[in-house]
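Only one chain is shown below, in structure tokens, and it's the form predicted on its own.
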């Protein structure tokens, strides 16, 4: 049997409820509190002994609190007799620090993933992790879902759109969306002025003139990259620009930058809690997650 355990965060409970319904299994909640000295306390409020447990945790800011709660819950579940602990963390924090850039730095994602594994999380499900290098540090089995093609199909996009990555590093993501739509793909070339440090873009291998363009990306953080790509596309003749991204971090000011750039409809997944803003569509990834987990537990 399978049990879904939701972390104490509101969005964790939402995602846990959706997943339990999709898997047709029982969901167990978590009681949490803070001791007077600030230390965290958690308790799983239900029976899980001998069961495969899917632990669901949303990793929005403050990420450290979400991660630490997972470590406590994994210890409670693994130590309390769960036959297996699978973590579903749709947004994997610290994944962008996947190597040492300056001497003396940690490889943060390595520290996170090894901590999860050695606390009892033997399988990990995440969504559009930053890089394969980041996930290579996990000692267990990992499922990294790539939802952009699914999201494009849910939106019912036409094969006439031009699918564009805001940089050459995201070409694989754009290729996946273009293939499922039968559409053309392109990418932007980013340049930095060595004197002023100013960043500019230009279309790399396509002509956007008169076209409906869809920018696809993995993460929207500050919104600077998407806004610059959108302005550049309009300046080079694009008819309309919209955006599909997996993770919307909700950093203050990011949506305002994107809106000011002229980008129209913004579509993101429900990997993180919804944020306020006009013209945002959220795509539920639960069907993809449930399908992936089902292959493990059948």
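Since this is a predicted model, take the numbers as computed values, not measurements. Numbering follows the first chain given and starts at 1.
From this point on, the text means the form predicted together with ribose-5-phosphate (R5P), which you will not see here.
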For the spot marked by 167, 217 and 224, is every residue within 4.5 Å of ribose-5-phosphate (R5P) in the predicted bound form through some heavy atom?
-> yes
Residue among 173, 211, 123, 185 with a heavy atom within 4.5 Å of ribose-5-phosphate (R5P) in the predicted bound form | 173
Go through 156-164, 138-146, 224-232, 83-91 and give me the stretch that gets within 4.5 Å of ribose-5-phosphate (R5P) in the predicted bound form, heavy atoms only.
-> 224-232
